[in-house]
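This document opens with one chain alone, in structure tokens, the form predicted on its own.
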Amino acid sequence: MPAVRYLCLRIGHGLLVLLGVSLLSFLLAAAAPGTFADELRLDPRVSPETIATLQARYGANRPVAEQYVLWLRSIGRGEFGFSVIYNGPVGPLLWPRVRNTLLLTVPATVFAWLIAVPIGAWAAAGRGGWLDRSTTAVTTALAGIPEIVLGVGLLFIAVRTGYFPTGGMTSLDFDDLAPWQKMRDVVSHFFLPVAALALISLPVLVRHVRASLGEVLRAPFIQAARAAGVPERRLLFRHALRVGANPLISLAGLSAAGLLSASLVIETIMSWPGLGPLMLDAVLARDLHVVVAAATCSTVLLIAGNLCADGLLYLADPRIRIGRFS
């Protein structure tokens, strides 16, 4: 079937990318100066025998190529290597962090698109008007704010107003709360990081929606429909948006990459227990397997987002089905 061939091809490309990213991450992390043993030797409480045992279990005394093969084998067992910091397999550390990262990125992606599509559409419809100029000015200013400055600014507002928690995922008395109070507590904690991620991706999305619909609105069939008295709202969201959806669907997959990288920064700033703080702690402690596993998980999420975008593009654009996989 053409759909199966298309899906297998995209999955094959994704697996090659995943293998390349894991290999490069492993080589770069292994080539960094210093190892975890150097840090442990500075602690007089750690004996040389303990360090030797950790090196043997970690595989640090073997060639880099052999270390990488052993790490790949550990993936089949769900371990993803061995963590020196946590003294155990990396896999059980990753799954809660991946869940927490998705808990931020998925709502942020949805909110950003729900805001960007109508704003970009109305800006494209009123090109050159006050709404278009205002949208351009706001998105340009927002795009120029660094991620770390935006995160710190939102934390400053939260501290001054007291409306939102300023860090973490739950309150200290979370275990004592009722079920609905626990849900409310988590939502109140994730509001700021989700808002930060949505604001980070919003300028790019608005500009692409505006550009895509701007070209479609100048098409002859749109001009004819407008002359026939089709309402502007229906013209925008039922006809123009459907025709200009292809580049926006492709952008959805690409925006997942930018949002995922931004989430690593926002998570660290706002103490959200996701992949970001885990990777930062692992880099500082030179915990090789945790660094590579976290980078690989981030790549898996990126590839999954691109696969979803490719699937939607396959369904939306018949030229892909007819031209190459028929």
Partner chain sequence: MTRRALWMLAAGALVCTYTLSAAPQTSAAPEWLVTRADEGRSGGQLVVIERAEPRTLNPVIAVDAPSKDVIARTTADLIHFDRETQQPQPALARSWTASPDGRHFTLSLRRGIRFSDGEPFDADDVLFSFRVYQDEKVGSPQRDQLIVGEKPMAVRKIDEYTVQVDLAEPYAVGERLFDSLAMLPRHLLDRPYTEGRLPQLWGLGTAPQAIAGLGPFRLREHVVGQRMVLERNPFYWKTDRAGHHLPYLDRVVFTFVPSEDAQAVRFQSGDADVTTRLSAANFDVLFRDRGGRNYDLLDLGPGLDYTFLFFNQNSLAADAPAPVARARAWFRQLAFRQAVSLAIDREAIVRLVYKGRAVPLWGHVPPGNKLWVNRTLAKPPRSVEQARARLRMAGFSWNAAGMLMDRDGQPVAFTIVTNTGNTERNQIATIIQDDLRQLGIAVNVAALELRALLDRLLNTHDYEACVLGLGGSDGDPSNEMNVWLSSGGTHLWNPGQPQPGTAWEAEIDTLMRRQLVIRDMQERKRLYDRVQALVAENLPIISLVSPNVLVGVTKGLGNLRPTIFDHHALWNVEELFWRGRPSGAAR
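C-alpha atoms forming the largest set that superposes within 1.5 Å between two forms make up the rigid core. Bear in mind that the values here come from a model prediction, so they are computed numbers and not experimental data. Positions refer to the first chain, counted from 1.
FYI, the form predicted together with the partner chain isn't displayed, but the following is about it.
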item	value
Stretch in contact in the model of the complex with the partner chain, which is absent here, among 114 to 122, 68 to 76, 232 to 240, 151 to 159 (heavy atoms within 4.5 Å)	151 to 159
The partner chain contact in the model of the complex: F82, any heavy atom under 4.5 Å	yes
A195 within 4.5 Å of the partner chain in the model of the complex, heavy atoms	no
Heavy atom of P33 within 4.5 Å of the partner chain in the model of the complex	yes
Interface membership of G167, the partner chain in the model of the complex, 4.5 Å heavy atom rule	yes
Threshold 2 Å Cα movement between this form and the one not shown for V69, core superposed	no
Large Cα shift (2 Å or above) at I269 between this form and the one not shown, core-fitted	no
I51 C-alpha moves between this form and the one not shown by 2 Å or more, core aligned	yes
